[in-house]
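In the form predicted on its own, a lone chain appears below as structure tokens.
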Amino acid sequence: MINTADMLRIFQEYRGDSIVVPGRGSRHWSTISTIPNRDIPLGDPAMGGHASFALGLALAQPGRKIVLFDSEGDVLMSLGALVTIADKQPSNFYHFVMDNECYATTGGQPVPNAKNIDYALIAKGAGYPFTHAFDDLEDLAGNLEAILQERGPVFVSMKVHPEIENEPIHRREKWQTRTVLEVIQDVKQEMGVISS
């Protein structure tokens, strides 16, 4: 299994100028990213919402690489997003899914049939042209640069160690340094949608 923070540190080396929706990796990504104004940490929206948001962003900004770090729980809550992404075929969309086999942010409840689910195969069946699956960090690191050169939409499933949260949300350590409105303002300015 892969450690999420280690995976994100390796991704940072190949990030380039892509827009990153860190999703379930936000807590780690907030201290790893070297271009925070190109990050869109949404906090903890309704489970399943990250993929649809990132798809909209990819369609609105076709000249920019959009990278999403999603979770298998989010994918399961919104399987329809996979077929919509595949239908729209955004060539700039890279969908990384962290599979920890549980709902870690709500206490670690197990995902049913977790050991037998092949998310890359599900994405391939939905119509993603390129899909990959990794459970070893070195293997992922050796392929990451080539994956980020593929024409999207690209789906990458990664088996990661669970980081279970048992504290109530209001008692958890805060990692967000900007409000959602500040994030939106920063990204718009970074992309030249608005002037400073």
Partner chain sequence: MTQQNAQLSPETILAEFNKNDVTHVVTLPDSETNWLYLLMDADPTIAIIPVSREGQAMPTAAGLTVGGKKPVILIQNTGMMESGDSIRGWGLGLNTPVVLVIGYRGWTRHGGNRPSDVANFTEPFLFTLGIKYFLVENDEDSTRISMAFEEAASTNRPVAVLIADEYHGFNR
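Residue numbers count along the first chain shown, from 1. What you are looking at is a predicted structure, and each value in this text was computed from that prediction instead of being measured.
Beyond what is shown, the protein has a form predicted together with its partner chain; the following relates to that form.
Distance criterion of 4.5 Å from any heavy atom to its partner chain in the predicted bound form singles out 60 from the list 60, 147, 137, 35. Only one of 142, 129, 49, 162 lies close to its partner chain in the predicted bound form, with a heavy atom inside 4.5 Å, and it is 49. With a 4.5 Å cutoff on heavy atoms, residue 83 counts as touching its partner chain in the predicted bound form. The closest non-hydrogen atom of residue 105 lies beyond 4.5 Å of its partner chain in the predicted bound form. The closest heavy atom approach of residue 77 to its partner chain in the predicted bound form falls within 4.5 Å. Put simply, residue 124 is far from its partner chain in the predicted bound form: not one heavy atom of it is within 4.5 Å. Heavy atoms within 4.5 Å of its partner chain in the predicted bound form are found in exactly one of 129-137, 153-161, 50-58, 25-33, that being 50-58.
Annotation for 88-110: the only interface residue with its partner chain in the predicted bound form is 88 [heavy atom within 4.5 Å].
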